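This document starts with one chain, in the form predicted on its own, laid out as structure tokens.
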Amino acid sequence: MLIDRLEPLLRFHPFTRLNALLQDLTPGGSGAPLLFSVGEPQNAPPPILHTELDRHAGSWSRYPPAVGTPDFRAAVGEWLMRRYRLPAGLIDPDRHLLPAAGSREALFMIALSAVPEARGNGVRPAVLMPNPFYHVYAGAAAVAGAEPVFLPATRETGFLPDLDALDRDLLDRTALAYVCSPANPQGAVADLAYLQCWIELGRRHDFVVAFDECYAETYTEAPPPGALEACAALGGDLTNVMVFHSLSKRSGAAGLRSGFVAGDPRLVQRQAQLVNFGGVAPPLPVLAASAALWRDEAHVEAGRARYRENFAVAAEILGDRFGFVRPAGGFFLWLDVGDGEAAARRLWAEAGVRVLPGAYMARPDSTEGGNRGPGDRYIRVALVYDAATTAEGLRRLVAVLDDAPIAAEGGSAHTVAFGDKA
């Protein structure tokens, strides 16, 4: 049954676990609680969003088509061509694009459309993902009946999976691979050669490569390259490639639930069929507002400037503490605090600062020894507030964790046991 596949994962959903970890604590500190645990932008969305929603309010009564509107597809196609400097004709908005109710749903549904019941010789298919990872990848693999395979993405590998370490037998039974750049949570950016290598592997071993590029517009210096750019460099073929984008991070419009998928027209058509049967097509006013947002760059640059300011604040306050490095992309800090769970409890109880233990985004890895995983030492801190609030939160963090560094050996004394606490 489906629930049997999901049950182990439900108990390890990162925010379910975080709630359980902190449930016996009252937020401390002298100021208001600060929630750095969720990657939810706190800046107001651009005014154009409200203007367009109001202007198209008469369309709320109409059912939206799964393929969206010609104007939405045109706006996204134009943006992709500009952003990734794609050659003319690479993207046909009517064949290669589909709106999505946020990238999360689309990333989940690609597993349903890409993973067969079995690979060659009846073996259980595998779904590859980085470790640490976005929890939707594992949930999608489980629902599709595949084996989730967690590829270490540690400091030693540049916080991206090492493709040379992949076993041929594993690749032969792989049906889908999730590739996230800029990476969540570490902010590592894959170069064009790395993206090309994934595409070539997917075609050689006949599996779909899902490129999660949701943080592509949040970067500190150079714009991160994208998978469609890599396809163009390989000759323009989009076979077995899907990319996923969203306005949640780019435009600070998480509640709009609007994104898109682009790539292999065969896979785009499958996604559209899934939406028609059981998915959600973005409403027409949302599509109109989304088209306007994809055409506007001023608000994106303003948001990017805010995140750059936050990272400058972080560099000033943290210095060389906790292995701090300014990431190339995204808006997270990935801080080595020795024991992420213990640090999260102390920060909430003593400073009213809520962060996500890195262990809740990862699975134990035998290369780490015992039951430890690549996220156990870390906390993820989402820099989603304005600079002043960010500075306040980071000063609280330093005051608590500098006071009594947390040992990593032996695991946390506050590890929550799961069973009935789903």
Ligand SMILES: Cc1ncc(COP(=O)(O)O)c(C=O)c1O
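Note that the structure is a prediction, hence the values are computed from the model and not measured. Each residue number is its position in the shown sequence, starting from 1.
Although not depicted, the form predicted in complex with the named molecule is the subject of the following passage.
Screening 339 to 347, 299 to 307, 165 to 173, 208 to 216 for residues having heavy atoms within 4.5 Å of the named molecule in the predicted complex returns a single hit, 208 to 216. Residue contact check for Leu107: one or more of its heavy atoms lie within 4.5 Å of the named molecule in the predicted complex. The named molecule in the predicted complex is approached by Arg257, whose closest heavy atom lies within 4.5 angstroms of it.
With a 4.5 Å cutoff on heavy atoms, Ala188 does not count as touching the named molecule in the predicted complex; it lies far away.
In the predicted complex, none of the heavy atoms of Ser290 sits within 4.5 Å of a heavy atom of the named molecule. Contact with the named molecule in the predicted complex, judged by any heavy atom within 4.5 Å, is made by just one of Gln271, Asn184, Asn240, Ser251: Asn184. Among the residues Gly102, Gly352, Pro152, Pro285, the one placing a heavy atom within 4.5 Å of the named molecule in the predicted complex is Gly102. In the predicted complex, every residue of the candidate spot (Tyr137, Cys180 and Ser246) has a heavy atom lying within 4.5 Å of the named molecule.
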